[in-house]
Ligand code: AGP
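Quick heads-up: it's one chain on its own, the form predicted on its own, in structure tokens.
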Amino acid sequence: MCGIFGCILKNGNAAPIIHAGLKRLEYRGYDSVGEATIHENKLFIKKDEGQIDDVHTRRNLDNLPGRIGIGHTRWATHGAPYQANAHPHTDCTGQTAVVHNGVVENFMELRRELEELGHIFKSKTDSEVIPHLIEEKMKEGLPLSEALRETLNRLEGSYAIAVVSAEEPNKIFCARKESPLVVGVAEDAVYCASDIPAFLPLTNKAIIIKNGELTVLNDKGCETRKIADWTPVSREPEIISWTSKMAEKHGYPHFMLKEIYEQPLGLKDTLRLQESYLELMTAFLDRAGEVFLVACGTSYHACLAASYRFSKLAFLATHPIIASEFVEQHGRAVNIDSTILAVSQSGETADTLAAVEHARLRAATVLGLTNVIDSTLTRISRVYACQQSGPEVGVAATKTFTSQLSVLAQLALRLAKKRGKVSHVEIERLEEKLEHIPEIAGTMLQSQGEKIKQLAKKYRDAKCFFFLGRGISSATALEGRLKLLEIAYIPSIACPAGESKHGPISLIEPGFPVIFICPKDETHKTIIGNIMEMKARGASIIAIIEEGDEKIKSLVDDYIEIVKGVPDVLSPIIYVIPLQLFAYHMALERKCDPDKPRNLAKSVTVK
């Protein structure tokens, strides 16, 4: 997730306006920034790595000439946050500049094709193929709008794009597929941006660009067409009543809620990882003598779920380990045959890095999964994957957790295919189901959101909760419990449901709330027995169930339904989402700020 801003002013310099717009989008990305303006039919660019204020201090982003320009604040997914990788990117002629938000899945093939045609690339990003493709089409005599349309038809993945060119110096060309893009209309200017907050202090009139549309901004406003058949689109501006602060959150009251509802799009982007990186990680896992999955907190729960997948699909025994315990528990046993898969949203988690450094000194192979390119974890890993979640402002991890689960599922499926332990038919079925997970997540959020809110009202005065699951759902239970602890400050216990009889059940008394995670898998019959045990002692039972599970419905006090057909190995990705929402609404009911839970930090960089 990155931030795009562009403007055409009737009077004045665009650069300071672009700078201010990007500053309002800094929550979308902050590892590099750049601007491009057009003046007297020439293109001017300034860009560098670092946060906006730091780059401005070094380079003065406000003194670019011209009344037309585009800008970009970046969250790296391809290429580390260096100056060369900062946007805007240009073609070989230096006449056309592009800013891009999204993921170009087929950029490696496109780059090879363009290099064979003589194009010179300056960056390691996927985005740079776009201006070169435009250049190639313009060589054929196409106008810029048609060249951009032809380029977009070559791109696989997601994008929001803004383009300026000295060839057509009075226009900005924009297009989108999945990644957001909006146009702001004022009497003396027209704007484009990733999010409404970028231009809200300047105008409250917005036109939402929809998937598969290309828009051309000019002095008179904008003209929009469908990319597929080039038919014109007419759409009147909407009046935005949000404040600037509300707009940062897309109208949601908190970043946490916004990020929960961003998960369908985040999961789509996670399915667009570079094939070569996943294949290389799979190869290392396949030849490992032993595999340790090392992480803290939420990332540890993702590792725990992954351990079930690796065992069930690839017949690979893995050891999920809490990073702070790794050296004491396994430090002396680690050797050259060991492989460490370290998972850290920030890539800077101190305990995880300490575990990895110990393993490196003992010649172990280190693999990394993180959300931050050029973090310490990416630099010390033999191979790493970026989960492509974008920045997460809320302290409690939500979309980063489901993205980690998705990446780890992809690795398990690839390893299973490589080892031939599961039939091709079953692998293909699971891969197809994984492709539909974003859609299922969206359906669940739309259908169950209000019901979860009402459950929070019902149970807001509870003093303690149990979270119970079996098999891979044990990891889901642990993560649901952690969310409730983190942001609603409610003491909670989570464990495999079979362990509840070994002590925890002693706490049960009439009305004690117990949340069961109950996908319809091979543990289904057994967990019904656990529900009966709690029910017999007067517990209030809440169950996360598959749609139409009448047997469990008849036993419980409350339930949340998940769409049928989610395979057990993928179930944590979906079944955790209602628990995230429940924790969020419980926090509100108890007058807690879900974005800023007490005593917690987003990235734990001390041991």
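Just so we're clear, the structure is a prediction, and the values are computed from it rather than from any experiment. Quick note: we count residues from 1 along the sequence shown, nothing fancier.
Keep in mind that the form predicted together with 2-deoxy-2-amino glucitol-6-phosphate is not shown, yet the notes after this line are about it.
> Does 2-deoxy-2-amino glucitol-6-phosphate get within 4.5 angstroms of any non-hydrogen atom of D91 in the model of the complex?
D91: no, not in contact with 2-deoxy-2-amino glucitol-6-phosphate in the model of the complex.
> So in the model of the complex, is 2-deoxy-2-amino glucitol-6-phosphate close enough to S346 to count as touching (4.5 Å, heavy atoms)?
Although 2-deoxy-2-amino glucitol-6-phosphate is absent here, S346 would touch it in the model of the complex, with heavy atoms inside 4.5 Å.
> Would E486 sit within 4.5 Å of 2-deoxy-2-amino glucitol-6-phosphate in the model of the complex, counting heavy atoms only?
Looking in the model of the complex, residue contacts with 2-deoxy-2-amino glucitol-6-phosphate include E486, since a heavy atom lies within 4.5 Å.
> In the model of the complex, is there a heavy atom of 2-deoxy-2-amino glucitol-6-phosphate that lies within 4.5 Å of any heavy atom of C174, even though the partner is absent here?
Contact check for C174: no, nothing within 4.5 Å of 2-deoxy-2-amino glucitol-6-phosphate in the model of the complex.
> What stretch, of 178-186, 260-268, 202-210, 389-397, brings heavy atoms to within 4.5 Å of 2-deoxy-2-amino glucitol-6-phosphate in the model of the complex?
It is 389-397 that comes within 4.5 Å of the partner.
> Of P513, P131, G297, P320, which one comes within 4.5 Å of 2-deoxy-2-amino glucitol-6-phosphate in the model of the complex, counting heavy atoms only?
Comparing distances to 2-deoxy-2-amino glucitol-6-phosphate in the model of the complex, the residue within 4.5 Å is G297.
> Please pick, from S127, T476, S165, Q404, the one residue with any non-hydrogen atom lying within 4.5 angstroms of 2-deoxy-2-amino glucitol-6-phosphate in the model of the complex.
Looking at S127, T476, S165, Q404 one by one, just Q404 meets the 4.5 Å heavy-atom criterion.
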